[in-house]
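Read on for two forms of one protein chain; each stands alone as structure tokens, with the labels structure 1 and structure 2.
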Structure 1
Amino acid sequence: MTSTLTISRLTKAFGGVKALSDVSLAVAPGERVALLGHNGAGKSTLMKVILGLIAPDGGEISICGAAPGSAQARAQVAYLPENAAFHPALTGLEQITQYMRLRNLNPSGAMELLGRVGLAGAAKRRIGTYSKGMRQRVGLAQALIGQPRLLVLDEPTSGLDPVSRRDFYELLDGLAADGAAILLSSHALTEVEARTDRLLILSGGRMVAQGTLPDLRREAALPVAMHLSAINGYEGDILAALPGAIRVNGVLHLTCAQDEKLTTLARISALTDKIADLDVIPPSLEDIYSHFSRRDGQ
């Protein structure tokens, strides 16, 4: 299957600041890809380069076979900027109507579109009177106009309440099922884990990891933590049997590498009659993320 978006060896510097160095990635039709990274990692810059708003210093980008910013690419790409802004004097309906007409679509569908993002009731009010989340929804509504082949969404769920976030990801699922490629950036790891197919992690302008969460978990090979509670009086025996275990607030903490997990568990199961309870804690999403995100300095 050919990718909707292909980027190879992309580089961009602002004066002395290397915002992107040698970034390569591809997004296939129907794929939902999340772009993660610390503040200033280069996520927004990467998106602006994809849209042709910023010219790269080097590297190649192809969007459905077209160059970024070309008329052909713009006709197929939808964008949601971070902190989407609109003229405060316009109503939501007027704004969406303009955007639909710019895409050569009949604006009679504008109201239905605003309804899909939950703005039907406020459609005829000025955007200047909207709350932050409502403005964000206007931004989402305009990104849904037409049938974009590629959606580039910069922190699409920032400012949205939990229910709206869920609704938003349901909209995305529908678009992806219809074959749209989706690239979104986010700082919300849990929702991204649950609702996207693949993660990309940028750090200091470099792509430090990409893959599904299980891929990244395996690659990071972070230690597994185990918490044991001893049956009264057996604590000393357990500490003797398991070197490396330490006592924290009455609970025994033990860590082991991924590949030692089973042998460690076997040793623990030999002590069954001395242990009251056992918790196995895999590395959290935050642990995996910071492992990759910190690897390049920062």
Structure 2
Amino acid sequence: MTSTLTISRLTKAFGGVKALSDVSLAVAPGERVALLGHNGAGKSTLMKVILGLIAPDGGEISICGAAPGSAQARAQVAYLPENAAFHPALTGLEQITQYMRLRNLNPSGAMELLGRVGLAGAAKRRIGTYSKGMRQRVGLAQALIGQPRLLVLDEPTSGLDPVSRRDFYELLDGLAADGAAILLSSHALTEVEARTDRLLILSGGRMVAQGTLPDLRREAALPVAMHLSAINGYEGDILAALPGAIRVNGVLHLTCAQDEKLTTLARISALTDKIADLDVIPPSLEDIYSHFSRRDGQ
């Protein structure tokens, strides 16, 4: 399948300081990809290059087969900034209607777009009365105009409550199912861990890791944690059988390397008549992100 977004060996410097160094990535139709990185890692620069706002110093980039910033690419790309700003005197419906007219589209679809982002009931209220989360939804409705093939989202759930965040990701799921490629930048690691297909980690302007969460777990080779609760009277037997285990607040904690997980579980299964409960806790995305950032010397 041809990728909607393809970037190869992209470089960009400002005043001799490299913001991006040999960055390569691809986002396929229907794929939800999270772009992670600390402040100053190069995420904003990368997004500006994709949107055609700044030109790279080197490398290649293609959006639906076109150069970024070209009329063909601009027609296929939508962008949602972290802090979307709109005219406070306009209603949500008036604002989306205006954007649709600017795109030479029939504005009769404005209400349907607002309904998709949960603003149908507030469509005729002035945006100046909206909360930050509601303004963010107006921004998302604006980003959906014209059925874009690539959505570039910068901290898109900023200001949204937990229910609105869930609804937002369900909307993204639907867009991806319809074939839209989605690239979103986020610091909310718990969210993207569960709701994206692949992860990209930028650090110091370089792509230090990319892949699915299982891929990154294997590459990072971080230890797996196991928490065991003993049946009354058997804690000593379990500690003797699992020399690496330690007792913390009444729970036995044990860690093992990724390639020792099955062997360790086999040892634990031999003690099932003495164990009340077992939790296996793989490395979280936060653990993995910290690992690759530290490896890069950040």
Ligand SMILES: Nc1ncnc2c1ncn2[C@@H]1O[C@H](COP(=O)(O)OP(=O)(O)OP(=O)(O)O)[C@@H](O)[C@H]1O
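Sequence positions of structure 1, starting at 1, serve as the residue numbers. Only the largest set of C-alpha atoms that superpose within 1.5 Å between the two forms is called the rigid core. For clarity, every value in this text was computed on a predicted model and none was experimentally measured.
The second of the two structures is the form predicted alone. Look at the two-part rigid motion between structures 1 and 2: residue 38 goes along with residue 143.
Remark: the rigid domain rotation between structures 1 and 2, smaller part against larger, is 16°, computed from C-alpha superpositions. Comparison between structures 1 and 2 places the CA of residue 237 8.7 angstrom away from its other position, after core fitting. Look at residue 15: with the core superposed, its C-alpha moves 3.5 Å between structures 1 and 2.
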